[in-house]
Each structure stands twice: as C-alpha cells, then as structure tokens.
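Taking the form predicted on its own, here's one chain by itself in structure tokens.
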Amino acid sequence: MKLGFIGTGNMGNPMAANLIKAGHQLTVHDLRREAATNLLEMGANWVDSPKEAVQGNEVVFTSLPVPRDVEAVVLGENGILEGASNGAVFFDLSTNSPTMIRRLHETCAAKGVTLLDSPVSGGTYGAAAGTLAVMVGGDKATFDRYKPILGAIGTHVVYCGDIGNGSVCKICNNLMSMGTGVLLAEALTLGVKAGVDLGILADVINNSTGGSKRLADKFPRFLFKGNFEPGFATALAAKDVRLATDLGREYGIPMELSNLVDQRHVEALFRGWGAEDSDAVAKIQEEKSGIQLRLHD
C-alpha cells in the first residue's frame, strides 16, 4: 500500500522502516532530510512538505514531538489538509492532547478526511523491534480496515473507542511510567543507602508486588548503565506529564501526586537534561541522597 509518513525522528524512523519491511511503499517527510537517509536507502521517496506526503497515498502517518507540531502539520501552509482529498485517512502516532486531537478531527472531517489518534508506547527499542503498543481512537470501521498496517508497527494494537481515547490511554500510561520512575529512584536509593546491593534490590522488587516494566526493562538499559542517550527524552516525558495534569484540570480531577511528578520533571528541564533520556530525572534523587544507581558487569 502507498503510505505517507511525516516525522522520521527517534520513534518515527524505526516505525517507518518497519512499514517498508512489511512491503509498503512510503513517501516520507521531516524537517531534516538526513533524518530519513536510511529510509531513502530502503526505497522510500522523499518530499519537501506534509502536503506532498499526502498526495497519491491512501494513508498518512504523523510521528511528531508535541501537539503544536501536529497542529501545524495538519493546518499550516503546505500542510496535510492542503494536500488531502476526500476519503483520505490520517493516523497520528504522536502523544497528543485529547482536546486538540478532537478539534483536529472535526476540522479534518469537514474536508472528508478521517483522523484517528494512534499514540504508541514501548520506546525506541520497541519501535525498532516492531513490538510497540498502539492505542487507537476514532472510527471503528477505519480502524478495522487498517489494523493490519498497524501490525507492522506494534504487536499490541488496541481500539480504545472514540476519537481522543487513544491519547487519553497514552497519557495515563505515561503518567504512570514517569511517576513510577520517580518513586523507584527514591525506593532504590533508600535500599542501597541502607546497605542492600542494587542488583539484589532490583531483583527482589521485580519479582515482588513492586515490580514494573520501568524497573525490569528501562532502568537496566539506561539509568543503571549511566546511559542517558534517548531513548525517550526528558523533554518529551515532561510534556506528557504536563498533558496529564492539564487533562486533570480540564476534567476537575485531583492530581496531587501527579503534580509532584510534574515538578520533578520541570526541575530536570531546568537542569538542562531535556535532551537526555527520561531516566535522567532520577539523577535529582541521586544527588539528594548521595547514592548513584549503577550496575556494573
């Protein structure tokens, strides 16, 4: 199938590569052509604007950092809506504001374009392996029709309901992940300072009720190695936590603990760690406790 793909960064690039490997013909666009070099070598076609990425393709995907980027790519000059024809289908793989995605959905629908929010989870390693979770909100018939394509991106593709529900699920997931990271840093520095070996402590927690994917999969790849190359950047983690607290305010939901997690991520940004992996947030707790959480082979 002919597909457009806009945004070939840390997450978008491996997802696009997996679509090519699945036999689809891709037309790609990014702010930086060099971000798509490997995709062009795999046979993808390059275009200079989102508008051109839509033309001649049955489905277009976007994978962009923040909601305002999605809005600009959809509504801006030489954007998706300028190039889309009646009947076009658009999946937004970004982590977006549910309120914004619902508004964009209405604008797209007025032009006969079907928008589905389809954020993903699993990190860059999951994107490369094609094992992401994909959370889709929007028209059910369109989801059913194109679910096999999404299967090239992830192994757990879930229909979440009406438009915006995919984004709600992703925001709630990332809030849990980032909050778990902050609490884990406190628990692990406590245990190590009290005399337990980090490897033993992590093993015990992982095999007890405190276990989590954050501790089992992510910390060993990043924090425990002192590796802060993203991964999932702290700036994006902070954005997702803020999306969650903003959504809480919008719906009148108390978010006391989430606001503390938000503050910790803001502090990490002020430290200049926005481009580092989100595990860098744990460095704040390391500094305060005088304990460095590293495992050595």
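The numbering used is simple: start at 1 and walk along the sequence shown. Since this is a predicted model, take the numbers as computed values, not measurements.
The same protein also has a form predicted in complex with nicotinamide-adenine-dinucleotide, omitted here; what follows describes it.
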| property | result |
| --- | --- |
| 4.5 Å heavy atom contact, D246 to nicotinamide-adenine-dinucleotide in the model of the complex | no |
| F232, heavy atom within 4.5 angstroms of nicotinamide-adenine-dinucleotide in the model of the complex | yes |
| nicotinamide-adenine-dinucleotide contact in the model of the complex: V261, any heavy atom under 4.5 Å | no |
| 4.5 Å heavy atom contact, T124 to nicotinamide-adenine-dinucleotide in the model of the complex | yes |
| Options 249-257, 235-243, 267-275, 51-59; stretch whose heavy atom lies within 4.5 Å of nicotinamide-adenine-dinucleotide in the model of the complex | 235-243 |
| Members of 145-176 lying within 4.5 angstroms of nicotinamide-adenine-dinucleotide, judged by heavy atom, in the model of the complex | K170 |
